[in-house]
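Starting off, we have a lone chain in the form predicted alone, written out as structure tokens.
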Amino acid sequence: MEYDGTRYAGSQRQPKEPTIQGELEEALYKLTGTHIKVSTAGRTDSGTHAFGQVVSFTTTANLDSRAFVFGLNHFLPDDIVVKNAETVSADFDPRRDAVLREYVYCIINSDNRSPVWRNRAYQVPGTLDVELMNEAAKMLIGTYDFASFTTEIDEGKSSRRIVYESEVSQEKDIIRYRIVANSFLRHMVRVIVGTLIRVGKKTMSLDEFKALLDYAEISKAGPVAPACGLYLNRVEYSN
């Protein structure tokens, strides 16, 4: 699925709030006439977008994959779309079976606001040293305890993650941070971006950035960058 998360309170259903899950389940009900609960590959926060969210559900409706794509898109609002559908095994779990996820965060580095990028990128005025930010980003590649780069850790859960790719690039006034990992902690990407911005502004040194991986203390890094610039880009599975 692809969606613009601007007007939604995240991907997970919430009472009295518009959510991606809520809209999809409502569309499924209109299409099949039955109440169906869906599961997602990753929970996205309020205002976060997606190009490649993966969702699964179980249904007895006698419809093929193509019918589900066209039927759901007929009932879904314009800011949510189903891009593809296929039949999977009954034990498929979009979250637990994922082997990696890729997120992209967009920054508009400009002193002037951009109506085109409004709600789709985080505006940061002033000068950012992108090369320095990229050096810091590369330091995250590997297996580390990312406790410093999260706002919350579930009790008894590990905060160690494997980062396969981490890089910062720039095209004109748009700076993109891309990260690929086996899984992510709560607000992890947004905390990383907030910290990389400090490096780019030269209010944090590369040594101080690297030390955050050694501290491994909740909320040691940051601040948390806004959700508007964050995109769940893709989710991959072993089969």
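Quick caveat: nothing in here was measured; it's all calculated off a predicted structure. Throughout, we count residues from 1 along the sequence that is shown.
As for the form predicted in complex with a further copy of the same chain, it is not shown, yet the points below apply to it.
- Message: To test your reading of this chain, name the stretch in 148-156, 105-113, 133-141, 91-99 whose heavy atoms come within 4.5 Å of a further copy of the same chain in the model of the complex.
- Response: Of the options, only 105-113 has residues within 4.5 Å of the partner.
- Of the options I175, A41, L196, A50, which one has a non-hydrogen atom that comes within 4.5 Å of a further copy of the same chain in the model of the complex? Exactly one listed residue reaches within 4.5 Å, namely A50.
- Using heavy atoms only and a 4.5 Å cut-off, decide whether all three of V82, E171 and Y231 touch a further copy of the same chain in the model of the complex. Checked in the model of the complex: all three residues contact a further copy of the same chain.
- Message: Can you work out whether R160 and a further copy of the same chain are in contact in the model of the complex, taking contact to mean some heavy atom pair no more than 4.5 Å apart?
- Response: Result no; R160 lies far from a further copy of the same chain in the model of the complex.
- Query: Is there a heavy atom of P77 no more than 4.5 Å from a heavy atom of a further copy of the same chain in the model of the complex?
  - Reply: P77: contacts a further copy of the same chain in the model of the complex.
- Considering only heavy atoms, tell me if W117 and a further copy of the same chain come within 4.5 Å of each other in the model of the complex. Taking the distances in the model of the complex, the answer for W117 is yes, it comes within 4.5 Å of a further copy of the same chain.
- Task: May I ask you to state whether E2 is within 4.5 Å of a further copy of the same chain in the model of the complex, using heavy atom distances?
- Result: Yes, E2 sits close enough to a further copy of the same chain in the model of the complex that at least one of its heavy atoms falls within 4.5 Å.
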